[in-house]
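Presented as structure tokens, the chain that follows is alone, the form predicted on its own.
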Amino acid sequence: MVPAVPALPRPLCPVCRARGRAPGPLAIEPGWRAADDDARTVEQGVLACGDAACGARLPVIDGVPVLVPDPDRYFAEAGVYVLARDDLDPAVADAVGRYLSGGSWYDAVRQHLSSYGRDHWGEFDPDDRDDPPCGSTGALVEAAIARAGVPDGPLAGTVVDLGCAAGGITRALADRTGGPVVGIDLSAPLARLARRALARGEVRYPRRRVGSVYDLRGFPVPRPRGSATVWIADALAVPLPDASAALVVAPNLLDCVADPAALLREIERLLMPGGMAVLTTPFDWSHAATPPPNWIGGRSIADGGPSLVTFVRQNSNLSPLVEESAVPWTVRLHDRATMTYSVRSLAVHKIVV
């Protein structure tokens, strides 16, 4: 008898949670449009909160729901990324990129898609045998999971991939556990790339050659053996119930959020008793992502340097499972540049009380 595939969870209203109300599940409004390859999948539609005092209506675009706690602010700041096209012919994209280069939003999006798309999926590109090898982020997570002793096969709850980027780790987790796996990211372009790969087995991204010159890469990839989905959502306000996750991974995310301590609290909220989490971070702080008062080390000699173990113990009830380790993370920038970080890695678990 073939075991049933666990159902993907329904998202809870993030707006209600942000306003201090008990969040209920969102429901799709009538008139939604199905995906061409799956009549059960929402390609475009609106998810509505059933609480009349809330009234949130959150869009699903290209199969990816936008589940943020402050929709007004998100669309004011990131609406261009949500609505931007990703189907331009290579020559047209090249012509646009010639004029929207040098730090423009379009240039930044293409650079992110290039680096993360290749790292997450480049191993399946028959024409990419360049250095550095692809899959560096996935190798970080896999090594940490193995060291923590996370078993292969189904887990007791949902698996959450926080900061899922292009979705390669989401796929690997679905293969490993059978799902359900929920990938969470605030980047609409990366979430769109991840969703296409997971749902359709297709990857398409611009790979940077040099300057504003990009080559369009497109190729098939294996779809996950387990159930997986991608949501545009805030890692500090995940629209899932308390104690619903058996495993949470947060690859290289801690230094990309405004409040790293709040990220730990959110992971602790999501984990069921006995659940495990994997944290990796290069401690590559930037003012744009994290206010300096929230940096873990890195502000003065007196800080004594960053320590994941110390930070976890001071800001949560999570317990380290294995010793903190340092591992390399290598990211391709373009044909002539590669960035290599020394990343700290730690697995923790939520103590059963």
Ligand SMILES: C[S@@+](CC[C@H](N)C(=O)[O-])C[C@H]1O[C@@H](n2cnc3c(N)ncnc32)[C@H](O)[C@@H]1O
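Note that the structure is a prediction, hence the values are computed from the model and not measured. Counting begins at 1, following the sequence as shown.
Heads up, the form predicted in complex with this ligand isn't pictured, but that's what we're talking about next.
Residue contact with this ligand in the predicted complex: His120 places a heavy atom within 4.5 Å of it. Taking the partner from the other structure, this ligand in the predicted complex has a heavy atom within 4.5 Å of a heavy atom of Ala165. Using a 4.5 angstroms limit between non-hydrogen atoms, Gly226 is distant from this ligand in the predicted complex. Although the partner is absent from this view, Gly97 stays clear of this ligand in the predicted complex, with no non-hydrogen atom inside 4.5 angstroms. Exactly one of the stretches 247 to 255, 171 to 179, 212 to 220, 83 to 91 approaches this ligand in the predicted complex with heavy atoms within 4.5 Å, and it is 247 to 255. For the options Thr281, Thr158, Ser187, Ser114, the residue carrying a heavy atom within 4.5 angstroms of this ligand in the predicted complex is Ser187. For the candidate set Ala235, Cys134, Leu264, Val203, a heavy atom within 4.5 Å of this ligand in the predicted complex is found for exactly one residue, namely Ala235. Using a 4.5 Å cut-off on any heavy atom, the one residue of 323 to 337 that reaches this ligand in the predicted complex is Trp329.
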